[in-house]
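A single chain comes next, written as structure tokens; it is the form predicted alone.
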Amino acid sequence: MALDVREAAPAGTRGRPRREITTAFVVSRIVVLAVAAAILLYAVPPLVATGSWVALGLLCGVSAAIAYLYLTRRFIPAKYLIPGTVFLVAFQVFPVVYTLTTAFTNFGDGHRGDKAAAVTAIETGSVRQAPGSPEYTLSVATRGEELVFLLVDPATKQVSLGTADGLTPLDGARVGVTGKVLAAPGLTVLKAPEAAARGQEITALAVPTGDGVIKANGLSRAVEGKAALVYDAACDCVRGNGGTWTADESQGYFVNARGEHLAQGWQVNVGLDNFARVLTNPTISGYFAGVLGWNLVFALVSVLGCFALGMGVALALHHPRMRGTRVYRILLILPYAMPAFAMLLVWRDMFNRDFGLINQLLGAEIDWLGQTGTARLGVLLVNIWLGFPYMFLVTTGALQAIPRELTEAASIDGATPFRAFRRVTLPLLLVALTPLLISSFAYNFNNYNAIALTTDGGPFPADSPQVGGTDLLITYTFRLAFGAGGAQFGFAAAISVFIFAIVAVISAVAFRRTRKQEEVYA
């Protein structure tokens, strides 16, 4: 179907030349259709290879709907709503839903796959070289997309092909002086850098034999061994090493009689266990209230400090008698234009007790980041320094939208400049900027970089190495979920739900008060 551009122009474009409008419509349609076609062509092969027929059908259906929508003359509003809706679902709805569903699982290190994958990992990971078994010279090759082993028996010089299905003799292979296979019919022998790049696949590949399995020992040797741990489907347990570990479906582990479990488990639904752990585990709940209190103070002081400083500078530069405002505005924008992570690292070094610039200027030896009070003051000052240019920009724009006649009328009525500001300018500014202040509060409530790149949550007391004096909930969560115990995505998602609920409640209350304020000054 050919593109038909004979459609009513949207509002706001009727004053533009028809040729310009037509060109814009054609280009936008071509871009949307090209992106949809590219995604379709990119996603179809892997979906077919994995047999994901439901996802493939959904993808084809969506692509067909997009093609019909942008090749027809009808549904003009939908042509503009669909792209925004797709991005909303992809980048907002899906991450939120995925986080919520993950919070009810034990997903994390040791629990990333299903039970069958866990059994395979346990058995292959427990393989030990059998006494007297040969040590093969190993070459790694590919057969299409499949990774295979080329094994040379040092005693008989026999070349064998090793796959996940077993070991078979291989004829026609060319062996070099080092004993490694250089070429083989129908196979592509990988060079050392190529094999090193696929090291995880090589380690995971196990070639079954009659007495055990052959596993790679580096990139040049392979040995035959037996699994010390073997899964027994009759009892749904793992036996070996003088013990028995029975499957516990509620935890996703194989557990023995003493309550000890194997390191490898599988992903299961744990219900509300992650949420209960946050509330009942004394290691976590004992510090939660304190961290939350400092988190609220950090977010509020950061927002109010940035707003007060940015508004004060904007008011000064907005004064009609002020000269050189362009130069001042350029200079004030510099902190906002600099990469935040680089500036945070610079400020961290400036606070250093021994060679920091601040102590050198003051002639002091203050351990700014080694004491809780000074560390909190430091991160607040740094965050305000980074954030006030943004408030300066938005306040400057809002001030230009307030008619000067209002302040002039207040002055004629006898109001002092401060009273005119408090009664006229500030309420109108708050009506326009309150949504931005709320969003800034939500951002600073989860401002991971401001803490991680300056104090890393410290200082840490000797009796509590898990929580520091400047930790926010987000940095505290990261340390608990991704610290020495490995990645615990399910647990991290549960704490993220708590953080989301706190921010959502505060934002909802603030927006409700904003609507009342708008009604007063409407």
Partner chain sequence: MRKRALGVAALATLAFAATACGSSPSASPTAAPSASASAPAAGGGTLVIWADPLRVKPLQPFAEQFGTENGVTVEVKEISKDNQMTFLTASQQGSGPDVMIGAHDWIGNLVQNGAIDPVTFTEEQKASFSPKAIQAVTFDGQIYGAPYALENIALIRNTDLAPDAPATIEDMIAKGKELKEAGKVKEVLCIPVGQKGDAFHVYPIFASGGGALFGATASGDPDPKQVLLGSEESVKAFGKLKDLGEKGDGALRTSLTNENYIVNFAGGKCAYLVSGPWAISEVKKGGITYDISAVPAFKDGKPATPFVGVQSFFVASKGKNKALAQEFVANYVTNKDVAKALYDADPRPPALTAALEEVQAADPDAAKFLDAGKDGMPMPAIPEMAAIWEPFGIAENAVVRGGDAAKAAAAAQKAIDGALKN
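Numbering follows the first chain given and starts at 1. The term rigid core refers to the maximal set of C-alpha atoms that superpose within 1.5 Å between the two forms. Given the structure is predicted, the values throughout are model-derived calculations rather than measurements.
This protein has a second form, the form predicted in complex with the partner chain, left out of what is shown; the following refers to that one.
When you look in the predicted complex, the only residue of N217, T168, Q400, S285 with a non-hydrogen atom within 4.5 Å of the partner chain is N217. Put simply, of K157, R128, R174, R423 only one has a heavy atom within 4.5 Å of the partner chain in the predicted complex, and it is R128. Although the partner chain is omitted here, in the predicted complex all of R348, D367 and G483 have a heavy atom within 4.5 Å of it. Taking the partner from elsewhere, G199 is found to have a heavy atom lying within 4.5 Å of the partner chain in the predicted complex. When contacts are judged by a 4.5 Å heavy atom cut-off, V223 counts as touching the partner chain in the predicted complex. Using a 4.5 angstroms limit between non-hydrogen atoms, V86 is distant from the partner chain in the predicted complex. The partner chain in the predicted complex comes within 4.5 Å of a heavy atom belonging to N352. Residues placing heavy atoms within 4.5 Å of the partner chain in the predicted complex fall in a single listed stretch, namely 264-272, out of 432-440, 205-213, 78-86, 264-272. Applying a 4.5 Å heavy atom cutoff to the partner chain in the predicted complex picks out E135 as the lone residue from 135-153. With the core superposed, V48 shows a C-alpha displacement of at least 2 Å between the shown form and the other one. In the core-superposed comparison between the shown form and the other one, S126 has its Cα shifted by at least 2 Å. Fitting the two forms on the rigid core leaves the C-alpha of V140 displaced by at least 2 angstroms between the shown form and the other one.
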